[in-house]
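What follows is one chain in structure tokens, specifically the form predicted on its own.
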Amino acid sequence: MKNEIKISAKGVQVFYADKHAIKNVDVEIKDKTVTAFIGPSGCGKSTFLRSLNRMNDTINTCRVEGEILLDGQNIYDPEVDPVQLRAKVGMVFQKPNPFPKSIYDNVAYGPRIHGLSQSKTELDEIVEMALRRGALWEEVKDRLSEPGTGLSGGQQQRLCIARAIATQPEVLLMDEPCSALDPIATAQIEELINDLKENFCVVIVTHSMQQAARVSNKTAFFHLGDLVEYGDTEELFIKPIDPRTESYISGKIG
């Protein structure tokens, strides 16, 4: 089924020690859709994104309350293994961070540790498929044994996307994936995001409203830890309901 609810957050609060970073967020994120989180720096959008695959677990002072359901299962349930969860909910970071390994081994890393292939042939197929989906195969197919760190910035980011896709996730989280890239590389990543929504639930944090308007179907506007407004991207940009959204979009706050 296209566009059914993939992630449902209910009463989510996030604290860093005494700092209340996310306040009582309720949101439903649809499958096979690009959802953008926008808002001024420090508004909580990346914090909320990181709570969707329990990346915040790695921060000692961080505490998450409320429920985040992935396909109806609370990902904060003690039974849930965060490593398995992160295979299902892939993440791409702001700065391209390929491993100091070959292009092939970067992509093969996840499938190897999760036991997704039974043979070298199967692994080769997974690597090729992930690089094709990451719009990188044609550029690197003859140099798979070369280091991933030798690629250009935009190619490195597409390699990181291919690496995230290789474990066959259902959700792809992207934390400002273009902020370290030039306009040409940014356009390539945006085109890729548009293709990825055919197969994945994509959630992107971006500081660029223009980018959110170009790539997303749904947009959530965060301000001071609150989810102020959430809806169809076009509606939110053209007819925001909340005056804070209007102020941010028109450049008065942020």
Partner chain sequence: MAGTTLLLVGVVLVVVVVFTSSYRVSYLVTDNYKSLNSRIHYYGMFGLLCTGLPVLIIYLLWWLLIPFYFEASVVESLINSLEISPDENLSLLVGQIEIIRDTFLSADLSKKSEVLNQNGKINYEVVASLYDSVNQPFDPETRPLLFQVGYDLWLLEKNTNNTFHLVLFIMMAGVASVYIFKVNPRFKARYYVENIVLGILIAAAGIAIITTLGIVVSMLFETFKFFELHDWKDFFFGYTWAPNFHGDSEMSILPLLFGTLYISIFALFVAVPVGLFSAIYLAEYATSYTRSIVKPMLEVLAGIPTIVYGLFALITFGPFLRDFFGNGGAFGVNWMSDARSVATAGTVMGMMLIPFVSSLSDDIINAVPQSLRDGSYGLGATQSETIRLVILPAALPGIVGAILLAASRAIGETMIVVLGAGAIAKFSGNPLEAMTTITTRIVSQLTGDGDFNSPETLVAFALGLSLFLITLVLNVIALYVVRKYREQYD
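Nothing here was measured: the structure is a model prediction, and the numbers come from that model. Numbering follows the first chain given and starts at 1.
Note that the form predicted together with its partner chain isn't included here; everything after this is about it.
S.K.: Even though its partner chain is not shown here, does it sit in the predicted complex so that M55, T58 and T167 each have a heavy atom within 4.5 Å?
M.R.: Per the other structure, all of M55, T58 and T167 touch its partner chain.
S.K.: When its partner chain is placed as it is in the predicted complex, which of 159-167, 137-145, 117-125, 72-80 ends up with heavy atoms within 4.5 Å of it?
M.R.: Partner-contacting stretch among the options: 159-167.
S.K.: Just one of C178, A87, L151, A130 has a heavy atom within 4.5 angstroms of its partner chain in the predicted complex, so which one?
M.R.: The residue from C178, A87, L151, A130 that makes the contact is A87.
S.K.: Look up in the predicted complex whether K218 has a non-hydrogen atom within 4.5 angstroms of its partner chain, and give yes or no.
M.R.: K218 lies outside the contact set for its partner chain.
S.K.: So in the predicted complex, does Y104 come within 4.5 Å of its partner chain, heavy atom to heavy atom?
M.R.: No, Y104 is distant from the partner.
S.K.: Give a yes/no on whether I113 approaches its partner chain to within 4.5 Å in the predicted complex, heavy atoms considered.
M.R.: Yes, I113 sits close enough to its partner chain in the predicted complex that at least one of its heavy atoms falls within 4.5 Å.
S.K.: Can you tell me whether H223 touches its partner chain? I mean in the predicted complex, with a 4.5 angstroms heavy atom cut-off.
M.R.: H223 lies outside the contact set for its partner chain.
S.K.: Using a 4.5 Å heavy atom cutoff, which residues in 95-120 contact its partner chain in the predicted complex? It's fine if the answer is none.
M.R.: Sequence-ordered list: N97, P98, F99, P100, K101, Y109, I113, H114.
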